[in-house]
Structure formats: structure tokens, C-alpha cells
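Taking the form predicted on its own, here's one chain by itself in C-alpha cells.
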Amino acid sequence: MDYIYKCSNITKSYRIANQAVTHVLKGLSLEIVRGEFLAIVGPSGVGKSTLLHIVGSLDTPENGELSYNFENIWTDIKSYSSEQLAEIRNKHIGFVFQFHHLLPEFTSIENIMIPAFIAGLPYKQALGKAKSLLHEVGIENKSDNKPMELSGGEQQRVAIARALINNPSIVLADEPTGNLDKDNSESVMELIRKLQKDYNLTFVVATHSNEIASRADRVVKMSDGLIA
């Protein structure tokens, strides 16, 4: 099996102010196959978002092992500095969140281009890729609109295009339709599935929706900080 990511016995806890420690991940293990559409399902509070943040190196586990295989070389994440991890996120990992996190002062096409600029792509090349992606996600006529001028579904389409601008090895989506109505949810999920196939992407979505999970190649269920 061609795996792109492996984690073993991952634990993560949080303490907020003077409250008791909350154990979110309790020795979780997971392997992700290159090119698959994986759905991680479970109710709110079981640790889905925490797991995605750790997979995407936005957060670090307390214990356990995790490693990436982005360029046919297995590398333990602990061997990277914070600067190297930031570079890896920019180059290899796309993120789509429930709340799109678009920068309000920038237009759609500018929001999409930002990761490309961070990666050092020349302006003309970044612009060309962004225009192509706007066409791919079906909102090429919204390139000069700022987020407040877009519907929720359009904002999420911009966020999806932004996640793809650097040709990532893996895309992580945390409840990507959780803030949308039913029609927009179905439309966005159809788009995600199409792009995942067209680009041969490894795609991981965390969701509480069995309907969304039914579109995935593989479904794993989380319960009480573990894969059930």
C-alpha cells in the first residue's frame, strides 16, 4: 500500500485556564493512502479537528510518532524546525476550513494567489494559476469581488481554489460544508470530489455528516479520542 502519512499512538490534551485537563486524543493511530478520499466522521468533541491540525502540522502531539511521505522519502515530523514545517505546509498541504478564513481586504483572485506568493512563484505565473482555478471552481466571474461580496458557497469555492494553488500533496478539510445550506453543501462536495479525482489528490475531510462521508473512498469513525 502506498501511504502518504502515518501516525501511531498520538495523544493530545488541553487545559483552559484553571480547568481540568481535557484528553482529546488518547493514543490514536491512522494511516492515509496516497490518492484516497478519506472521511473522518464522528460527533462534535471527539477530536476530529485536533487530529486534522496535527496531520497538517498546525499543532503538535504530546506523545506518539507521525511521519510524511510527500516525495517518496519517509520523514519523522519531529526532525523539522518550525520554519521547515511552515515551508512544508505551504508546499505540500492545502487547508479548507468550515469558516473559509479569507482575508477580507483582498479580492477572490488575490486570496487565491497569496500561498503562491509565499512559495516564491512569480506574479504572472501565480495569476495564471489563480485564474485557471477560479474557472475550475466555477466562479471566474467573481475574481474581483471581496469576500463580503460573495455568498457562503462562493467563499468556500475561493478557499478550495486557494488550497490547490501550490499543487499540494494532501488537502485537509475540516467540516468544509458545516456553514452552508443543503444545496450549497451538495454543490461544494460535488466540486471537491471532482477536483480530488481530476488532480489525483489525497483528500481528508472531517465531518459529522454521514451523507458527506458517503462520497468518500474510505470512512473511519472517531469516538472518544480514538479511531473506533
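No experiment lies behind these values; they were computed from the predicted model shown. Start at 1 and count along the sequence shown; that's the residue number.
The form predicted in complex with a small molecule is left out here; the points below concern that form.
Colleague: Counting only non-hydrogen atoms, choose the one of 46-54, 159-167, 195-203, 61-69 that falls within 4.5 Å of the small molecule in the model of the complex.
Modeller: Selected stretch: 46-54.
Colleague: Just to confirm, residue 210 within 4.5 Å of the small molecule in the model of the complex by heavy atoms?
Modeller: No, residue 210 stays farther than 4.5 Å from the small molecule in the model of the complex.
Colleague: I'd like to check something about residue 10: if you look in the model of the complex, is any of its heavy atoms closer than or equal to 4.5 Å to a heavy atom of the small molecule?
Modeller: No, residue 10 is distant from the partner.
Colleague: Is residue 24 one of the residues lying within 4.5 Å of the small molecule in the model of the complex, judged by heavy atom distances?
Modeller: Although the small molecule is absent here, residue 24 would touch it in the model of the complex, with heavy atoms inside 4.5 Å.
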